[in-house]
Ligand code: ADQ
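Presented below, as structure tokens, is a lone chain in the form predicted on its own.
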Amino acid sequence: MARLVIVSNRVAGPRERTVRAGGVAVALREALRRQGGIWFGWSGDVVEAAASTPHLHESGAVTTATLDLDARDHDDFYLGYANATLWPLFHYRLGLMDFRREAFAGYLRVNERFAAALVPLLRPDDVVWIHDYHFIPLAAALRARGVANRIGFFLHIPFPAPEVLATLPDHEVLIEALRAYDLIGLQTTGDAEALAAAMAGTQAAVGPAWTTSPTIASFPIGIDVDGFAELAEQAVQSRESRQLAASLAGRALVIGVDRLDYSKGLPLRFDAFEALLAGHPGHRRRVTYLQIAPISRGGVPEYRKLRRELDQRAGRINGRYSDVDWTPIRYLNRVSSRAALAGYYRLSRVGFVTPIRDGMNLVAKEFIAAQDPADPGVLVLSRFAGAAAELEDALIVNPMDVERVAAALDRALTMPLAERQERWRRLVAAMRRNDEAAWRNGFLAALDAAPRAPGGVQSSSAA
């Protein structure tokens, strides 16, 4: 069996046990465990002078290989182009997009550097699976160095419509770079259609065309439904879950779990919960909303502004509605373990997942998997999350319509048991049809069937 080489911005070590909620590290780690290979990416460290060769750590058949970034590369590649340009663009937040040519040059430079470091590690029959918007140009950089291995790319975030993509200066460079892949996977059919339209509409060739027509398809990410359900059943007995349950004093729990990011629609979510309390006063003192939002990209000004905005909203709502023994919103910026979150989900009556735009959103799926089949909670889900295409039996909402979201919360909190059970059964059935294994195996099977890209010479280097 050919080795698998996974490339992602951050690398989860083979012995790492705690995985961020909604992460895909579990699925990727399982693929490496089955096939053996390399997980290659950024170490997470910013150093004064970054070495050109990666740090290697072997654990059985899996090797992790990581590169450090110096301050300039971190600012241009990570904070600059990846997260201040591509992230807001792909999430339709054009007013927040900051394009700087020096950052774009740094993005291309770091991709070249990563390609140069990866080539010596490759074997001729390795299958290379590159992940996410940080490394769009990486395959082209590998092809230029003679790599003819099968190379697939999976985008974890949404892909914008061609009209939106066209607002990005030199977007043709990215589109041409994507032609170097044999297979490009996206979360939804709509995303795949948007990319296909962008490729068809890009006339100017920038650099060599490594393939004439890479395969483009949707591969919606799933989760290990049974594994997460078992984790939740055990975790609900943990000290953290018992403490949470005791603090609720019999009140219903509404839960949201998101990175602190403007794509998640958190200010609107707070407003909708306030509208619930204002318009449906019977829920006052009977429901608590727990929002867990670990801080991300704290160095980006927009994220600091968002944190201040949420602090103010939570304070205002709690100041208006709190009582001596009840606080409506519990707003936490701490990271919680995957096991702790699984227990919290199982305790919750409502999963509150309302991003303005999201590639998939695995929190929605984890919430469903964690529920007690005898007394399941209800998922309130944004129509703009990729998961909405599969989870049709959730209460699907437009997060921009605060009053309608509040009405959906009211319906979720008052829904009869029989309806909750039937919706949950259909949701779980949909998730089982497209679980973690189906996503992973489907993508790798499609990549294995793809023809090797012309234009390069197979690497003869051995790891």
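From 1 onward, residues are counted along the sequence shown. What you are looking at is a predicted structure, and each value in this text was computed from that prediction instead of being measured.
One more form of this protein, predicted in complex with ligand ADQ, exists but is not displayed; see below.
- Contact with ligand ADQ, judged by heavy atoms within 4.5 Å in the predicted bound form, is confined among 303-311, 97-105, 71-79, 250-258 to 250-258.
- Interface residue among Leu381, Leu142, Val363, Ile151 relative to ligand ADQ in the predicted bound form, by the heavy atom within 4.5 Å criterion: Val363.
- Only one of Leu266, Val147, Ile221, Val110 comes within 4.5 Å of ligand ADQ in the predicted bound form through a heavy atom, and that residue is Ile221.
- Although the partner is absent from this view, Arg330 stays clear of ligand ADQ in the predicted bound form, with no non-hydrogen atom inside 4.5 angstroms.
- Ligand ADQ in the predicted bound form is not approached by Arg239, whose heavy atoms all lie more than 4.5 angstroms from it.
- Taking the partner from the other structure, ligand ADQ in the predicted bound form has no heavy atom within 4.5 Å of any heavy atom of Asn83.
- Ligand ADQ in the predicted bound form comes within 4.5 Å of a heavy atom belonging to Ser336.
- Residues His156, Ile157 are the members of 148-182 with a non-hydrogen atom no more than 4.5 angstroms from ligand ADQ in the predicted bound form.
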